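Starting off, we have a lone chain in the form predicted alone, written out as structure tokens.
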């Protein structure tokens, strides 16, 4: 699949209640690589395999949650083109100057109908992944913490997910991969969309409150690494929401857990390849439990209620 528009999820800015505690936790338990702080005091991190400067930004705040989620696009011409499409769709955009985030070029920010701030950008410094571009060694899982390979996707909660999906499909050329229907058999409770060949790059659930985050997800390579992550979480007394288990939707393996501020995160492994000529998969209300938690075949109480 030729990727010429939106390439992938690129960064998420997460609000934390105690920055120093969170920096230590994201370094030692998550195993992310610290990449410095800016004049605002925000802390930057990347995963071990990411080549761009950062994917996670932590900001001290009085409430947990996510400030914005960013997608990287192919180049500046693509950025300009997509901004014009957003404006033509009736979306108000804002240009954030280069350098506002460390080692990051100009960004286009806009709000989804659900209230979430989304960014597009084309430029971020390539700092490499430690293996080089000539005759590289293979990546070996070592060092601190869970050490995911990349920041993979996010799940957001808000009211008008239908308008969200229309924007992602018509303006940003995302593809619908899977959906869950409510009891009426018509209304979407949740949708999963991709801009790549992954099972999803963003997902959304219908919720009465706008601008809520369910989780930011980090990719692992194997089921054994998911189990290893669970061991690390337990050893460090990390609060686990659910798992290790498998999703019916996307078929990925998963653990949901919480950072020290109460932000839900996920370790995610697997999931099938999806291409634009494939039909979306639909889950009915009576099987939503198996869709989310395939082994237990029922939802836990926190999945639909605990958000930040």
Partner chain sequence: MAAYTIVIEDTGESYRCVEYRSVLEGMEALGKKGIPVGCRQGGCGVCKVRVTAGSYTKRVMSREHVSAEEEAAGCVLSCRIKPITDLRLAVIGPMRKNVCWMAEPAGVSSVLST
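Positions refer to the first chain, counted from 1. These numbers were taken from a predicted model, which means no experiment stands behind them.
There is also a form predicted together with the partner chain; it is not shown, and the following applies to it.
- Taken together, 17, 302 and 307 are fully in contact with the partner chain in the predicted complex: each brings a heavy atom within 4.5 Å.
- The partner is absent here; in the predicted complex, the one residue of 269, 29, 43, 64 having a heavy atom within 4.5 Å of the partner chain is 64.
- With the partner omitted from this view, the residue of 47, 261, 254, 250 that lies near the partner chain in the predicted complex is 261 [heavy atom within 4.5 Å].
- In the predicted complex, residue 240 approaches the partner chain with a heavy atom inside 4.5 Å.
- Interface membership of residue 212, defined by any non-hydrogen atom within 4.5 Å of the partner chain in the predicted complex, is confirmed.
- For residue 21, a non-hydrogen atom is located within 4.5 Å of the partner chain in the predicted complex, even though that partner is not displayed.
- Annotated contact segment (heavy atom within 4.5 Å of the partner chain in the predicted complex): 261-269, selected among 276-284, 261-269, 29-37, 51-59.
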